[in-house]
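Coming up is one lone chain in structure tokens, specifically the form predicted on its own.
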């Protein structure tokens, strides 16, 4: 690893009273403290930095000598100079900066950390990395010049075909590969829909509570969000009709409502389809983890009931494989293929073809289906273990909702505890949590914590984590 280049550090100031060697020292120390340079990272040689910055060799060596004397870096001869490997254990400046207090302002719905209970993460320890590495190496070896040009903005044809086949078998969706558009994630899918079918000033039903980034995305596009209540049968369609009968679209999570995990009942599915058909409105079905139902077989997708071409189906590989893959897909009505191709030509750059080829191989050879089956069994076990461990310790303070599927637990807080305050304290202590009240579009709602269980591997692990939570209550 080459470490940070000089241009990733703060620039030197020739007018400053501080000498250059000290400025270089300060900038490297700052890069180490902020995590730009990590323990074990290799830094530029004194000769390379001399050439890059146009300074005297002695200036660079003076800065490096000071860094070495204070234990920040180590010279390894021909292996180069690196940030001291055990620096994090000995130097507190490398500790991660805790999030600030507050509600939505301090909540990231796409964090790049790995913390206990972190939402949105599948079981990272159970992913078949050896198979993935083997397929990846094979895809790289097979790469031809034709694979190195600009990727199709609609998605790799082979992957589109595999997604269409998978959806027909597993989710009951009858679609052609041309209806499938590969995107870089849920937000990209929503943006594509908005550009193709909506305009500024339109109104869209959103579930309340519901996934906050959806509201934010529409807000930036000047599309008004209408908060429609959710009860034990999912979105209350009759309320949506009362609030905004002429809305242009509705965004729903029918399999496991996000975040309450209830399923949209069949009568309400039919009522929603009827409303969309009569009003020429669109239904955006976010099926983010529909495969993970534990009390029975996964429910068919809402899209499978669509006879009028009003449903757009959004799926993702982030929950099924891992988030950093940045691949999702969108199934559009057949009559809208040309429209979405026009919009994709303008707004979409295409996802890396090598990644798409790897996922295609993973699906084609049966690894994808087997992985989902394994994860369904594993998550069912881990959900029970996590719920039991939490309840053993925290029964006096909160109760765990019973839910049919999904990848997270809902802990209802007893008394007048604030879920926002408790989740903020948990994050400061290295535990992840999201406050249910942060997912409310309108009103406060009940106080509860959202905790992912997929990476909790035993009841004792859950109890230990629950003990840490109990100290914060």
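What you are looking at is a predicted structure, and each value in this text was computed from that prediction instead of being measured. Residue numbers count along the first chain shown, from 1.
Omitted from view is the form predicted in complex with a small molecule, to which the following refers.
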Contact at 316, 319 and 326 by the small molecule in the predicted bound form, all three, heavy atom at most 4.5 Å: yes
Counting only non-hydrogen atoms, the one stretch of 180-188, 232-240, 161-169, 330-338 within 4.5 angstroms of the small molecule in the predicted bound form is 180-188
Under a 4.5 angstroms heavy atom criterion, identify the one residue in 282, 211, 292, 275 near the small molecule in the predicted bound form. 211
Taking the small molecule in the predicted bound form as the reference, which of 120, 128, 352, 80 has a non-hydrogen atom within 4.5 Å? 120
Look up in the predicted bound form whether residue 132 has a non-hydrogen atom within 4.5 angstroms of the small molecule, and give yes or no. no
Just to confirm, residue 362 within 4.5 Å of the small molecule in the predicted bound form by heavy atoms? no
So in the predicted bound form, does residue 110 come within 4.5 Å of the small molecule, heavy atom to heavy atom? yes
Taking the small molecule as it sits in the predicted bound form, is residue 72 near enough to touch it, meaning that at least one heavy atom pair lies within 4.5 angstroms? no
